[in-house]
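Just the one chain here, the form predicted alone, laid out as structure tokens.
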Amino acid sequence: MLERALTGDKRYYRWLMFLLVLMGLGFASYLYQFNKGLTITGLSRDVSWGFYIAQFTFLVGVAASAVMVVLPYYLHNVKVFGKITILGEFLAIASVTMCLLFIIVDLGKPMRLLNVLLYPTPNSILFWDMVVLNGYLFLNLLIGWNVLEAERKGVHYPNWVKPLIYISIPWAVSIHTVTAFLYAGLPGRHYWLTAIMAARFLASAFASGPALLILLAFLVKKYTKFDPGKEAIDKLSQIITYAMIISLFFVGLEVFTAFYSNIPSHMEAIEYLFFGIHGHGRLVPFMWLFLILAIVALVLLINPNTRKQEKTLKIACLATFFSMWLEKGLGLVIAGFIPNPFNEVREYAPTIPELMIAIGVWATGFFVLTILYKIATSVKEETAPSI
């Protein structure tokens, strides 16, 4: 089926060329980082995880959200998700690919990856994160490709795929749970030291991932002859609504616990995010933007009239996706390092090379996604019943 990715109109090739240019710029920046080391980034002794790990954390959630279409379709036989499930599985593949790339660029020297394989440490959360991420990528590749190939041939997918589908459902939850444990398992970082970190991660994932999937479904509908189905999009929008409510509720719980208990170490990170402390507040505008976007998204999603209209639903999905990106892909990771153990603030900001590398990784993910979606839509168009 790979040959289907080689055919397309000029718009398709222009888009691929644009992504290749961004990938090239990102790779050139990475070669600069590889030569000079992580000193070219904004990272420091006080802030050892920055923009790369923040993007990784956010994208793990986008990957895990594929379970929101896989579970209803395969486990509960909800037929309306039949057309959109393959889009969710392929989105998960592209997202995990970006996750792994962000880990590689954050390591500085990619050879360090071999340490996890040559010297496995089962008592390390990082070891299990490697296992679940690569396992989830492998599962989605096997399931998505074989189901699509069977559909192209007009037959049922092989029976051995069914157990893999069942395994992939809890596996999807595990990838974001293990990622949350990376943070919640660090007692020296009070902002992350919460029992509901995994729950927060999953709630935001089940909002941002389906929001992106809906936006992609609209793009697929616009530029191809394949229609993922309005009913599937309606049901996904309902899932996003509940997930957004729960996600913001969990954020509220953290704020209440920190300020009602009046424990300085728990309050300072939140104060830094929304008001700034000791004259430092680089993230304040971004976190208030997160709050505004989240409120806009909730207003549009809770109201059935705006949720069911395509234009306002697109706005709601954009607001949901970017609000969750600001909260998790920017604020959560950085705020965990502020203040440092000496109660001092060492602010972090990504450098130009960092941003270029991140853009290159995102472009790589969308390149993979475009190829996979081109194959999927070609098969769907071919197998669609003629009227």
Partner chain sequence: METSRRNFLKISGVCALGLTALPVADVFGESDLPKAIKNPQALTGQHWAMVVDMKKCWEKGKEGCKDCILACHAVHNVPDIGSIKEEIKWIWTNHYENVFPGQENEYNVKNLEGRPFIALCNHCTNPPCVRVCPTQATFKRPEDGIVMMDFHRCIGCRYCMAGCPYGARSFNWRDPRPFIKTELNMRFPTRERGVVEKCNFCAERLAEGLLPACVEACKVGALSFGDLADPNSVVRKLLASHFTMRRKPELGTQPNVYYIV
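Positions refer to the first chain, counted from 1. Quick caveat: nothing in here was measured; it's all calculated off a predicted structure.
The same protein also exists as the form predicted together with its partner chain; that form is not shown, yet it is the one meant from here on.
Visitor: With a cut-off of 4.5 Å between heavy atoms, is residue 159 one of the residues that contacts its partner chain in the predicted complex?
Guide: Heavy-atom contact with its partner chain at 4.5 Å: absent for residue 159.
Visitor: Going by a heavy atom distance of 4.5 Å, is residue 54 a contact of its partner chain in the predicted complex?
Guide: Residue-level check for residue 54: no, no contact with its partner chain.
Visitor: Might residue 198 be said to contact its partner chain in the predicted complex, defining contact as any heavy atom within 4.5 Å?
Guide: Residue 198: no, not in contact with its partner chain in the predicted complex.
Visitor: Applying a 4.5 Å heavy atom distance criterion, does residue 220 contact its partner chain in the predicted complex?
Guide: Output for residue 220 is no: heavy atoms all beyond 4.5 Å of its partner chain.
Visitor: Just one of 181-189, 230-238, 299-307, 167-175 has residues with a heavy atom within 4.5 Å of its partner chain in the predicted complex, so point it out.
Guide: Answer to the contact question: 181-189.
Visitor: Can you confirm whether 35, 41 and 115, the three residues that make up this candidate site, all sit within 4.5 Å of its partner chain in the predicted complex, judged by heavy atoms?
Guide: Every residue of the candidate spot has a heavy atom within 4.5 Å of its partner chain in the predicted complex.
Visitor: Please pick, from 134, 124, 146, 261, the one residue with any non-hydrogen atom lying within 4.5 angstroms of its partner chain in the predicted complex.
Guide: Among 134, 124, 146, 261, a heavy atom within 4.5 Å of its partner chain in the predicted complex occurs only for 124.
Visitor: Can you name the residues of 334-359 that have a heavy atom within 4.5 Å of its partner chain in the predicted complex?
Guide: Heavy-atom contacts within 4.5 Å come from 337, 341, 342, 343, 344, 346.
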